[in-house]
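The chain that follows stands alone, in the form predicted alone, written as structure tokens.
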């Protein structure tokens, strides 16, 4: 730290210089991110609540109310029954952590295990290491969804939870959650659904006429769901979400906070930014179901355009996109991904599937997709 502080104008210049080095979503070349430009209402709300701390709730009752209303909006969308609830948290990783933390503590199993799909988000590896949970990975079927039979084979007396994807991070696939729910009920273990990406996307696909499987609390076996407002919710970062079927679920993860204005906390992060909850609330209120449905429709329009363009260009597309993610292969997918990135097109390479992954968020337009296809064609022709 410097001895004497800089003038404000010098600090701002340095900040601007740093920001100019960052990529910009609106340029259309970020094709690997599950985040996007926040909605204008989210930006305004975030600024208004910069000093508010949900970790000391008694000091900020207005902020607490906004969090409750944001959670209620998510709960209604995902058909949570009365008596449930949740929190706006730091992201999908914390949400998944809280779900498995609660499942582990409720079970009181000496050597706890968790069954997840091979396609589960990498956060589960971190979470299970932190919580000392043995992680078992179930096989996928030919459509890259988890095989329920493989899940069932891995469940035993030490299983404290089963996990399913509703919008996998790699391909956007939705696992057969209805089958997993039946297995969970029969085996007496909770089912957690990681819908960090799909939770604010898949429900609107159904309203647009797409065939989508059930994945939320209408299924009896589901005890918790992760859903992130800072992804397709177009909120500011960080804004994750965790929903529980019953408020009793989080009783076993309460931590006493004797010197604060509330007696306990149920989240992992102590000091929590109310700005994130306010931003999520602002987007929900500004867009409503109709606004979200339009955003999803626009994303799928670009996604299907890109999917068809890749097929016409002769690339191997792994599957018809179930959401706004397209994955394809070339003769050397890893090298192609590297070439694209070196030329400013920021795509993902997925080693496990040897494919290039494209995420078509609200900042990506059909014009951007057309430019990408044109550039891809030039690379292929060389």
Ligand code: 0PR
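Model, not experiment: these values are computed from the prediction. Positions refer to the first chain, counted from 1.
A second form of this protein, the form predicted together with this ligand, is not displayed here; the remarks below concern that form.
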Proximity to this ligand in the predicted complex, single hit among 169, 97, 295, 189 (heavy atom within 4.5 Å): 169
Quick check on this chain: which one of 357, 29, 39, 46 has a heavy atom within 4.5 Å of this ligand in the predicted complex? 357
Can you say which of 307-315, 72-80, 245-253, 116-124 gets within 4.5 Å of this ligand in the predicted complex, counting heavy atoms only? 116-124
Is it the case that residue 91, even though its partner is missing from this view, gets within 4.5 Å of this ligand in the predicted complex, heavy atoms only? yes
At the 4.5 Å heavy atom threshold, is residue 52 in contact with this ligand in the predicted complex? no
Residue 283, heavy atom within 4.5 angstroms of this ligand in the predicted complex: no
Does the 4.5 Å heavy atom contact test between residue 34 and this ligand in the predicted complex come out positive? yes
Quick one: which residues from 231-258 get a non-hydrogen atom within 4.5 Å of this ligand in the predicted complex? 231
